[in-house]
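This document contains two forms of one protein chain, each encoded as structure tokens and listed individually as structure 1 and structure 2.
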Structure 1
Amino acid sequence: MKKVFVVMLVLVLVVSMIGCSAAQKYPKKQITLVIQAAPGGASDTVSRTVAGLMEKKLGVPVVGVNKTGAAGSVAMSYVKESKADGYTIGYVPVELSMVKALGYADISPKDYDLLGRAIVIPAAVTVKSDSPWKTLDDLIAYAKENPSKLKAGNSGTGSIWHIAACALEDTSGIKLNHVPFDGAAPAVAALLGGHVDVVTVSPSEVLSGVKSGELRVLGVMGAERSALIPDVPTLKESGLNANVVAWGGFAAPKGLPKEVREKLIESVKEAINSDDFKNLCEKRGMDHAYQDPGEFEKFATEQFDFYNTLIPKLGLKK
């Protein structure tokens, strides 16, 4: 009996040593970071900045790959189904908590090993500066007189910026004509080109247009004014109860080896809490909002429950 116990103990030690050896070798090759939105928008900027900072910690390239479509479902499904070896990770936006209710994919926060939350961003109701709408009241008054005439660009049907526009409709009693794009950047380009009349995207994604004098932000859909455009009132200040924010973080396929998961969590935390990333947030009008994996899972699950109530109410299920 004692002999059997000794043999079993040796086997356990060998397996443990092999596991530790494998973890010490991680990472041995390039890590792919899957981004759910088109190049140029907030998700892409955050992802590629964090990827570059993670490289310094991990010692291997962390390469961003854009996979757009279905409110982020294409990218998040790809990550979910990837091998849980630490070589494929993904940026997960607020849509992680929305796509199941929308009917796009059977995805929830519990399907991933969450690595950390990075940011929170309010929606900004934006028009061209040469438009006739100088205030949010002007826009709403026009929309009420012309139901479904205003073309509202968003970052994809069912995306958070689409939900933001729907929330604006719901709280103000207007009706918009929603025009989806594969990300916020192409939606803003369409606004600049006169192909849509208004967008509800992040302040950072319209900042260059605001600075150039081509765009005007009429209202911010957050609890507080944006530090990036402090002169612009919140919708609440305008008498409207519409508080819609985007958020984003990082995740990996469920079931990472413990040591690999710990290395990824540490590299993500270090990147997000770096001065470089905090400076990016300040410059681009994003709220730096790091949460560790446990906090992030709790938050994302609460958001999942919230949107699984709101989205059916808005009639947005696919």
Structure 2
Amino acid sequence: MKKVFVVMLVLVLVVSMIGCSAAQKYPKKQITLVIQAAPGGASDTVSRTVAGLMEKKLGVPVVGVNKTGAAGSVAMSYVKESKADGYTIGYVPVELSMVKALGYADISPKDYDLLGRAIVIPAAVTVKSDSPWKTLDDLIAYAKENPSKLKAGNSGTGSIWHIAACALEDTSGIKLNHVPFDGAAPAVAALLGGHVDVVTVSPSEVLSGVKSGELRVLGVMGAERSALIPDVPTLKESGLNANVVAWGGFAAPKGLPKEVREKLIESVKEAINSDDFKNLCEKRGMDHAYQDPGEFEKFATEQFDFYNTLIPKLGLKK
């Protein structure tokens, strides 16, 4: 009898520990921030920094959880299907607008209550500095004369940096030999080792090579020049209409209560616009680009439409 009593006592204790939650205002318990990428990368750093800053504002722990897989679809699907109570939010990268077109998961920006955009990372068209191509025009002229000869390394078929190379092809009428690598860093290593001729990845990935004089960035594919390499012109300046950028923001499941939504939007905004976060962007080579939920939704939907025309055209739909 005594043994049974001990077991019961422990069970009651355990259950009450879990069930413990009084009726308070939001937020009353820990918030989970689902991150679609592995620890250590740009998405992870942005998410964890913003989580830390939100924590100060909201007064409850905001804990980052990494759930990788299928270009972020695993994490984004998880957030989409979570309860819209404000206790599960997620980081949403550019793939939010891409995975439907790629056929990974049925996800669109409309499935979420977007909370705010944080950053923008343009694609940088990079070659070796001992290569004959001094400007983007040189490169395009060469590619036109030698179709499919130029070996373009990217970070994986269907990844944003592959799409960037495709967009370059599309707008300038050239043909490249796309060689996918397992992420951006191996592609840059292959460029340095002379195994590929050109890569289209983020400026921060090639920055050390640029600084040491081994690599040359011919153009960035953003709407504006990158703060990291301000001397390099955008493709638009060179007369090419290719605008491919990676971006990242925060989102919650659709249908948050009004009060919760406002609180989250406010804390995300404050975190992203803080000096700490701006500092991080500068150091990690990302362009700080806050947008409020309204603008962000418009932007993400435009991107969604753009990729849903471009990707099927490129024959990448699975």
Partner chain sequence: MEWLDILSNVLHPSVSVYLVIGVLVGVGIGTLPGLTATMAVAILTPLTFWLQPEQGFAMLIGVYNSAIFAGGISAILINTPGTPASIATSFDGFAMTRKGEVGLALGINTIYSVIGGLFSSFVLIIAAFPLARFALKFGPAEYFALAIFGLSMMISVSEKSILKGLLIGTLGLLISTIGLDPMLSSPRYTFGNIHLMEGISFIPVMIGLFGVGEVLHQIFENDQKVRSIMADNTIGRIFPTLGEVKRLLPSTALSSVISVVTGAIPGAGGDIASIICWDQAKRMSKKPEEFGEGSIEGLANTCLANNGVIGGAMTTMLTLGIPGDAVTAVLIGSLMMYGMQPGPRLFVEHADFVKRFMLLMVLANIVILFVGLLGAKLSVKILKVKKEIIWMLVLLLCVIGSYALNSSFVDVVVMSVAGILGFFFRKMEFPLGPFILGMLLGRLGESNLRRALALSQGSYSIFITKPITIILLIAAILSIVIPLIKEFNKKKTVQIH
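Residue indices: 1-based, along structure 1. These numbers come from a predicted model, not from an experiment. We call the rigid core the largest set of C-alpha positions that still match within 1.5 Å between the two forms.
Q: Sort out for me whether 1 or 2 is the form predicted on its own.
A: Structure 1, not 2.
Q. Comparing between structures 1 and 2 on the rigid core: C-alpha of K134 shifted by 2 Å or more?
A. Shift of 2 Å or more: yes.
Q. Does A105 move its CA by 2 angstroms or more between structures 1 and 2 when the core is aligned?
A. Result for A105: no, shift under 2 Å.
Q: Using a rigid core alignment, state whether the CA of K80 is displaced by 2 Å or more between structures 1 and 2.
A: No, K80 moves less than 2 Å.
Q: Taking the rigid core as fixed, quantify in angstrom how much the C-alpha of E224 shifts between structures 1 and 2.
A: Here E224 registers a C-alpha shift of 5.7 Å.
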